[in-house]
Structures are given as structure tokens and as C-alpha cells.
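Given as C-alpha cells, the chain that follows is alone and in the form predicted alone.
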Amino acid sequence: MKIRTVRVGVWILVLACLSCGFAVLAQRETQQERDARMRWWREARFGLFIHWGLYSIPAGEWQGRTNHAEWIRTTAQIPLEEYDKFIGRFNPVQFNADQWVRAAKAAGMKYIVITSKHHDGFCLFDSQYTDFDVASTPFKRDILKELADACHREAIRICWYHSIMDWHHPDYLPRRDWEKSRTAQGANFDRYVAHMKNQLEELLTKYGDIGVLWFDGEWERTWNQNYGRDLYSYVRAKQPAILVNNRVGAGRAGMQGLTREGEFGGDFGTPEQEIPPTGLPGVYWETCMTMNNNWGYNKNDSNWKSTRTLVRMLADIASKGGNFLLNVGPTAEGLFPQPSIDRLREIGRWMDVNGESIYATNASPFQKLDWGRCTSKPVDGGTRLYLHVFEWPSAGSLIVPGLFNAPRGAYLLSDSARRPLEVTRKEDSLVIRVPPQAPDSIDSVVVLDVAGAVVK
């Protein structure tokens, strides 16, 4: 056994006192300081989510049903003693951290968020505080260490997803409704919180700089805003520059992922499987999305989004000032499914040409564009508009409506020579003369420079 016992009552008191001091420090952060801390993430715009754990072994299938994934322990109502047997079967010998990181980098992604621990309680790292971790499997290797090292080599930010909810730990409450034989007698939730902090300390002290701590599983009745504020301060004290999502608190309003007004919301909102219909000025947010129907690996799930859909989602999200966290669920062998690999490669081809129109851009100044989306960034003396054209104009004239700024020039982003396109004015619109054929059937980007800040 490698689980260390602690005098929990004393540690809870000590940590509570420290956290009070940390909370005061966090409150002193100015908006300018917060913006500076958020800068790398806001400029990155595009990251990789990875859901991986014991649930990859059954691959979504249990007793004839094939619609499970990372929630399989509870959706299939698998008893704890039965689920624990997966420990002896987890041996992803084909896992290669460098290959994973290179695939993300080639796709144009700037950060990776991986499940250090999902709701089932299994840890992908070697923890001193549990035997329910990768070190107890035949594989034994610390997956997070290998992935963090690979990310640091490739200048990709490594980030941890960590579940507040834990279906395995004896002190986590509540139990699952269907676990009739698993008593909660003697369980102590505060003792569980102390355990979680111990594991978070490991995650924040053993693997170098961590970009984001991405919490989840905060919606059960045992968690509240006081716990959330305390945990946020605890994490920031360990790594002051780290970012923490809003699921550290208890104020998230469902799958739209934004925190209810007046409640504690961490550093950024987390819309899940959806994109806000409009921009959210002054709000940091990140849409997390699956490539198919599931976060964890499901061998029967072939409902893959097309590259066309994913690239347009990326442009749409950036045009609204958000980030896109796109998920892959690796197999039990440690491989990305081939359809995921194909889509990452194809997105990367588009990003090689058009990444400038995504990275470090601001939201669109337009409420609606019938032909596509727009991202923007300031340039000397003016504004650069990246016009993401989904529907190429058959008449050869791209109309940018309601724009009163004087044009300074336009060109196709795919044209390395930057040959100028003709720009004329028609009443309150600018009209750009474009070639008859779209350079890219998914999203062709036209660059339009205008004088000054955008006037509409």
C-alpha cells in the first residue's frame, strides 16, 4: 500500500486558514493582471481535450448495450468490485506521448487538457494517496509525466482535467442511487476534499508549469460555492499563473456552461457541446466538443463530425471571442481512433494556411454575415478583418455590409504573394472583387484592412 494517512482534522484546519489568506490575495488581482494571466490562453484559441481511463477497456459496450462511454460505471450500474477488475487489464502498450503531442501540434492546437482523474476515480498518474491509479496497472508508467514532458518539448501547454466527483473514494458523497449495497456509513466529505487537495498538490508540483486546471463534476449537492472558492485559492497558491475553469464553483448554468450572474465562476466559462449564439463581450469562455457522440472511447460510435463542420465551428467560436477545446477518446491500446487522426490532420492543413485568422484574434464586429464569419485584430493605424467565407459569392463580389471605414487593402490569406483584391464602396457596404472559385471549399479567408477602429 502506498496510501499515506494524515491527521485529517488538523490538515483541514491548516488548509482552511491558508486558503483564507490565498483568497484575499486572489481578490487583489486587478482586471489588467487577470487579462495578462489569461493572455496565452485567449491567443491560443484552439486546444485538444483527451478523455482516457479504465472506461476505454469495455469501449462503450456492456451486457449487450453499446451506448456507454466514460460514464459506463454508472450508466451500466457496474458494481465497484467488478469495475476494479479493469485495473488488471489496463496496459496501453501502444501509447506514445510524443505522437499524441505532435498530432495536436500539427492540427494547430496550442494546449492539451487530459483527464488526470475522471468521475470513476481512476488516476492516470502515480499518486501516493490511492492505489486506484496507473501505477497499479500492468502498464505502471506515469502517463501524465510522459505527456507533460512531451508537451514541454514541443512548447504545448499541458493542462489537467480533474473531477470533483469521485465514484470510487469511500469518503465521497453522495453514493450513486443504484448502489444499494454500498453504505455511506462513516463517510466524511471534508476528508474527501482533503484527499482531493493532496492529489492536486501532486499534480501541481511534480509536472512543471500547468496551463489550466479544468474541474468537472461539481453539480452534486455536496459541493458548494464555499468549497469552490477555497479550492480555487488553493490551486492558485500552488501555481499563481494557472487558469481555473468555472466548474471549480457551483454556479454553472447547465450545459451552456456560463456561470449565473453574481456567483463565483473561476476564470472562464465552459459551454459543453454547444456554441453560444452570440458573442459575449468581456467574458472568457471555451466550448468543449466531441468529434463524435462520446467523450470516452466507444468502438461502435461512428457518428463523426466532418472536417468541414469542425473547421467552421472553430471559425464560428473564434468569431465570437471564444476558445475551442476539441476532444479525442483514445483506445485501450493507447491510440487515437483513426477518424480522429484523419480530422486532426485535415484541420491542420487548413490551419497551416489560415491559422493567422484564428490565433490572437478578437470577436467579429458584425452581428451577422450571411456568407460566413469574421475575426479581427488591431494593426497599425487600423483594423484587420479576417472574412471567413463559407458560401463563396457566385457573382465574384463579396459584400461586407454596414462598414463605414475607409478600406486600406484586401487579399486572399491563401495567396502568399498577397496580390491585392479590388475594393469599392456601395452605400454603407464595402465590396471586394474575388476570384470565381473559392480557394478552400470549407472556409476561404479574405483579409480586409480598414482605417481606424471599426465603425458600423
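From a predicted model like this one, the values you see are computed outputs, not experimental measurements. Residues carry their position along the shown sequence, with the first being 1.
Missing here is the form predicted together with a small molecule; even so, the following discussion is about that form.
Taken together, the three residues F46, I275 and H388 lack any non-hydrogen atom within 4.5 angstroms of the small molecule in the model of the complex.
With the partner removed from view, the residue among M255, A241, A155, V379 that has a non-hydrogen atom within 4.5 Å of the small molecule in the model of the complex turns out to be M255.
Here is the short version: of D230, D216, D301, D316, the single residue with a heavy atom within 4.5 Å of the small molecule in the model of the complex is D216. Not displayed here, the small molecule is kept clear of Y297 by more than 4.5 Å at the level of heavy atoms in the model of the complex. In the model of the complex, the small molecule stays beyond 4.5 Å of every heavy atom belonging to F264. By the criterion of a heavy atom within 4.5 Å, Y161 is counted among the residues contacting the small molecule in the model of the complex. Remark: C288 counts among the residues lining the small molecule in the model of the complex, judged by a heavy atom distance of 4.5 Å or less. Only one of 216-224, 86-94, 182-190, 341-349 lies within 4.5 Å of the small molecule in the model of the complex by heavy atoms, and it is 216-224.
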